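So this first bit is one chain, no partners, the form predicted alone, shown in structure tokens.
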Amino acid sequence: MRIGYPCINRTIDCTANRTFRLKSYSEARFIDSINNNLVCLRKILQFNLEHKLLFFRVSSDLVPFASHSINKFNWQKYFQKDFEEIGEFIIKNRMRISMHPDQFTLINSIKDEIFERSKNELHYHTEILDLMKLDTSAKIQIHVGGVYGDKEKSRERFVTRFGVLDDSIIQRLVIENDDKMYDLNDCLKINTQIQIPILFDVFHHKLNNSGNLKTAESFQLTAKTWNEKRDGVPMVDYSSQEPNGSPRQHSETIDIEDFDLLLKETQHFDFDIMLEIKDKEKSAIKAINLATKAGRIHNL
């Protein structure tokens, strides 16, 4: 298993998601922001390597306004060498990368203009991973989307829209179960139609589980949706509820007993796990230490 965290490192003084207001857009500011973000991404990945954190979610803000009509600059060519060098570092050190567009990326939207914007956003995310020359185990994860008053029709609209996406997007796209609308059973129904891999979100499953599926059973079902040669081992998102917080509030720091229980429940499964916990790399390092003692971390 590889263990990681999303987007931001709170230990080093460098962020790979610097952006700016649309009204302040200029080509110079655009180039400067990307340059800063790529420099910081290198530093974060180096930190991660030193701490054996081999899974990382790259921020969608790596290239600000990349899919916006205001942006006419050929950033892909300008920064091509930088992306390739970062990709070489990732590949050399057997790291895994993912991305997660924001909640406004909705391919099952009832509005065509939102679908078009979503396609553009997915194309941008695909370009990032392609520029790094990463294989198709580097995934882009999205939620199924909205219900819009009819879950079955909205689920079918997702399937239809998926079929018109570019192949370059399709081969990287995965869906995850969410905490309110589309649970694991819904995702499995979609998978039977389009064979899209399912990223299992442990915390969301605790909040939204119409089939009362146990953890081990859920891992078994989702693992079958991944083709290891094409997709890599399954990806999993993990968090737990913040003590005394609202039911859907992610924890500030890792509940080590809860994580230990997950390791025991999933000892027969191979997967890479993303910790969606607010103190980021601090919890990921604690998780690495526990997983190493449990014999779950192996040299890749």
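In this text the structure is predicted, and so the values were computed from the model without any measurement. Residues carry their position along the shown sequence, with the first being 1.
Beyond what is shown, the protein has a form predicted together with the DNA; the following relates to that form.
*Is the gap between N35 and the DNA in the predicted bound form 4.5 Å or less for some heavy atom pair?*
Contact with the DNA, no.
_the DNA contact in the predicted bound form: Q103, any heavy atom under 4.5 Å_ = Result yes; Q103 sits at the interface with the DNA in the predicted bound form.
*asked:* How about K282 - does it come within 4.5 Å of the DNA in the predicted bound form, if we only consider non-hydrogen atoms?
replied: It does not: once the DNA is placed as it appears in the predicted bound form, K282 has no heavy atom within 4.5 Å of it.
*asked:* Can you work out whether F30 and the DNA are in contact in the predicted bound form, taking contact to mean some heavy atom pair no more than 4.5 Å apart?
replied: Heavy-atom contact with the DNA at 4.5 Å: absent for F30.
*Please determine, with the chain shown alone, which of 245-253, 39-47, 227-235, 260-268 has non-hydrogen atoms within 4.5 Å of the DNA in the predicted bound form.*
That would be stretch 245-253.
*Tell me, which of R155, R117, R96, H205 has a heavy atom within 4.5 angstroms of the DNA in the predicted bound form?*
That would be R117.
*Please state whether every one of the three residues R18, H68 and E276 places a non-hydrogen atom within 4.5 angstroms of the DNA in the predicted bound form.*
Judged in the predicted bound form, R18, H68 and E276 all sit within 4.5 Å of the DNA.
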